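Just the one chain here, laid out as structure tokens, in the form predicted on its own.
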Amino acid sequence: MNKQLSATEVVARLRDGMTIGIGGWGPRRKPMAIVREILRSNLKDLTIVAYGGPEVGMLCAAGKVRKLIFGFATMDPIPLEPYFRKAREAGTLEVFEVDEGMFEWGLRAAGMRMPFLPTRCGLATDVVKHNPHLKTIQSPYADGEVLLAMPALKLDVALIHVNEADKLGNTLITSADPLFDNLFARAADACYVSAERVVDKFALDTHAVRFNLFERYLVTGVVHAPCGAHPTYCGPDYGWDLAHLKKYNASASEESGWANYVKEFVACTETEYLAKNGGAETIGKLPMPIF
């Protein structure tokens, strides 16, 4: 019943061409320790499904992404993810860009093992114009309303970062906003979570159990990754590292910028990565953003 793995062991289970959903939202609670391990690997031709943040840009810059299914790709105070932008402008990506609500409905459909779910989101917009494969469906009831049929976003693998986990696969997301991570877990054949803290077995009281948002049977593996969402934020443990994100953003405009970023922050161990960013104590003091 012990599901604990290293990030290296998780990535060793991934295969070229997989559809991988990445939890979090923009620069918020992304499983960056696992993403960095993917960057160190030979994986390629991936379909990435995400409310995108820096993980999308990094994977694009590394040439790992064949197709991107997304609602946006942003770092919030830095509105447009820079390496995502470069990939889009270069035309190197196949893309399926959808409304944020459609994206949620696609995850829900996959989790419910439905081929699609009807929605009003996307109707009368350029989402349909730029995605001609999308279909509409007419209500079979008296109203006869025509709705968009959002296809299921079925995932081979989901990667999620949580605040706490136990070795059995139980998880706690204690951030103020749990985002849509439970939907990623349900939409996937396999789900790997990284966690700030990992214990042998939870003993949850009635207060803590409300932070357990998806069942342990959905979790395939648990990775102990302190500060594993850095440079994105993982409330209430730490805020985002805006200085790091600005440096990463600037690298996209520099000659050999990506190669230099990789040399400094990817071609190293996670222990070395944390040290280069001031260590766990410094990261733990990063202020939470206010929205």
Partner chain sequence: MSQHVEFTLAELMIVAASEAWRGNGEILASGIGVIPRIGASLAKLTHSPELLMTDSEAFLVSEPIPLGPRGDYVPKYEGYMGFDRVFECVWGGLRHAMIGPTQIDRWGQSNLSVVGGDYKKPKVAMLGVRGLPGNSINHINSFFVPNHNSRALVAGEVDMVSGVGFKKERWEKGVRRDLMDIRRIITNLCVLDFEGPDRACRVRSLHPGVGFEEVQDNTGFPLLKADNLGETTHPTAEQMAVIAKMDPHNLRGAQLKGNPPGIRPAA
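Numbering follows the first chain given and starts at 1. Since this is a predicted model, take the numbers as computed values, not measurements.
This next part talks about the form predicted in complex with the partner chain, which is not shown.
Proximity of W25 to the partner chain in the predicted bound form falls within the 4.5 Å heavy atom cutoff.
Under a 4.5 angstroms non-hydrogen atom cutoff, the partner chain in the predicted bound form lacks A208 among its neighbouring residues. Of the heavy atoms in P151, none are within 4.5 Å of the partner chain in the predicted bound form. For the chain shown alone, C121 is a contact residue for the partner chain in the predicted bound form, at least one non-hydrogen atom being within 4.5 angstroms. Proximity to the partner chain in the predicted bound form, taken as heavy atoms within 4.5 Å, picks out 74 to 82 from the listed stretches 216 to 224, 156 to 164, 74 to 82, 195 to 203.
No member of the trio R29, F116 and F184 reaches the partner chain in the predicted bound form with any non-hydrogen atom inside 4.5 Å. Looking at 48 to 70, the residues that come within 4.5 Å of the partner chain in the predicted bound form, counting any heavy atom, are Y51, F70.
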